[in-house]
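Below, in structure tokens: the form predicted alone, a single chain.
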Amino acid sequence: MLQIIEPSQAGTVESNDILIILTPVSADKGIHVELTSPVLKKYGRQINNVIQEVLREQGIDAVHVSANDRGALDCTIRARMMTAIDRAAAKEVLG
């Protein structure tokens, strides 16, 4: 299980990319995704699904995600999420 302990970002606002900003929140706040995209009406649900899927796979259950999409493919969204998580997270140590 991972915990987001500091703000981080990955990506750019260039064409075909996505800027992901992760901000830690208290455990009771859960996951909140704020998404902006010129293709929000057509692909917003899919972009949100990819973001949520990566968070679930990494065991993250409390974070604020700000995503500024510029036409990124799913693989790019996934890569940017993983990079932002790596920069922001602390792995839970089991004793």
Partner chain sequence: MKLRRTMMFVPGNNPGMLINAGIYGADTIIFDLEDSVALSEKDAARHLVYNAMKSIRYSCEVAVRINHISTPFGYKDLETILAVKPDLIRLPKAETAADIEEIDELITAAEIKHGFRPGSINMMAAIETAKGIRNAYDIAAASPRMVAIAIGGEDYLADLQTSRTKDGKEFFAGRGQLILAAREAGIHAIDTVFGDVNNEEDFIAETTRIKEMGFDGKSVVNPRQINIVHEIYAPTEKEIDHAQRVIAAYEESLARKSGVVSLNGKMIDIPVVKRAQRTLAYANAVGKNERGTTL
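Residue numbers count along the first chain shown, from 1. This is a predicted model, so every value here is computed, not measured.
If you look for the form predicted in complex with the partner chain, you will not find it shown, but the lines that follow are about it.
Although the partner chain is omitted here, in the model of the complex none of L35, S37 and V39 has a heavy atom within 4.5 Å of it.
In the model of the complex, no heavy atom of T23 sits within 4.5 Å of the partner chain.
Shown alone here, C75 lies within 4.5 Å of the partner chain in the model of the complex, counting heavy atoms only. Residues N16, D17 of 8 to 22 are found to place at least one heavy atom within 4.5 Å of the partner chain in the model of the complex.
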